[in-house]
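Quick heads-up: it's one chain on its own, the form predicted alone, in structure tokens.
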Amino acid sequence: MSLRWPLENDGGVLSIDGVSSTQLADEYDTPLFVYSENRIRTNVNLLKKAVQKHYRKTRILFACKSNTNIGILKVLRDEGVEIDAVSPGEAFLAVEAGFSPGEILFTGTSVREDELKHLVEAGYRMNIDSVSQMRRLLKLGVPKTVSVRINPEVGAGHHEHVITAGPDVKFGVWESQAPEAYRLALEAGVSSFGIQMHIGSGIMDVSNFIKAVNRLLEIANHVKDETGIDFDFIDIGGGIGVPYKPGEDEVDIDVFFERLFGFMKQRLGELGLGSPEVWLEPGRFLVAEAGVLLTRVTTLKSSPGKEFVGVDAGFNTLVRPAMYGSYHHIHSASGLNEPPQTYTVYGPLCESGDIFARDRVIPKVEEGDLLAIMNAGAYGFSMSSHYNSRPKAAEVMAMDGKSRLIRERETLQDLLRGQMSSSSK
């Protein structure tokens, strides 16, 4: 697999945005998440150019569940991106990164009463997941901007756990319930309305979006007929995928949005919905390929017909291969030019499922070498855990040959934070 900018082969050593991976590992230790600031900024601007070429009135909200590091959020804010938050914690971190509540759309499911109270009092834009949630929210306060998450009955994604629409999922309001949800908000005095959907994650085919958008617009038209509401924005969610496997084509985003927005403009006109803003909620697309997980080879071992490579990262560090069966390409970061060999790459957890790759061909490695796990910028650190009581990894931003620490490595003492002794005197 050839390296994609800003990754380079510098004499057999992987370089990330101009910084040597061996230098990074020596300075910050491993496991280590490294992000390219240049790649994040480039991804944002490629997406902006593509969407605004085909529909001028657009707004990009970063789905920050993919990565909530404040250093990354600040880069995205600098590029004019807003925030899609799915928990009060994500909303809090976004504010800490400099976003105002009015730049954050909160989309929660099964939200607690105290959480709703805080969110409405602080002035967040609210995207509601059920009629029940709408009733509870409006008893606590009246947001200026409200949208309703619609289940368009069309879902898509790379794994069943990330498909977020259709009859068997927990998310969203069905068409038959939508007019009631909006009528409640209208009667309470809400003045600005949107309508939203999210169908899944890791989507490479625009036809899935077109089917879902068609249903969303039909439901928006139904709501307008029933309530008289004019929508200020239509939020089509996120989920645009990136290539993980060698030879897998990336999404041609210009063609993607030419087809999607061409269809949307036609249907908006046919249904008399005017020309509302269109909001997008990309997460993976902006940060996945900008991130690399560096991990040190600790152990080489073999069994009949199998060569194993043990590393110091486990599924506590990057859970996607264990949870979803996801493929992440692996390079020998300190030996890119070595001859290929077949290995099974495993981590230090006391779990048989702690495997990053089975029978994978990578350059030959020795104990002490570095491996680089690709596409780790999305759902890497944000899904990491303390399983097996292992402290979490550090995070670093690289740019133009320089690096800076954006999250300290946890220590064993951090595992005690918040714990109380059970002993009594």
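Everything numeric in this text was worked out from a predicted model, so none of it was measured. Quick note: we count residues from 1 along the sequence shown, nothing fancier.
Keep in mind the form predicted together with a small molecule is missing from the figure; the text below concerns it.
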| query | finding |
| --- | --- |
| Heavy atom within 4.5 Å of the small molecule in the predicted complex - the one residue of P179, G194, G283, P101 that qualifies | G283 |
| Contact assignment for the small molecule in the predicted complex, among V190, A322, I240, L260, heavy atom within 4.5 Å | I240 |
| The small molecule contact at Y35 in the predicted complex, heavy atom, 4.5 Å | no |
| Residue contact check: M383 to the small molecule in the predicted complex, 4.5 Å heavy atom | yes |
| Interface membership of F356, the small molecule in the predicted complex, 4.5 Å heavy atom rule | no |
| 4.5 Å heavy atom contact, R125 and the small molecule in the predicted complex | no |
| Candidate stretches 27 to 35, 362 to 370, 391 to 399, 375 to 383 - the one whose heavy atoms come within 4.5 Å of the small molecule in the predicted complex | 375 to 383 |
| Every residue of A63, R149 and G202 near the small molecule in the predicted complex, heavy atom within 4.5 Å | yes |
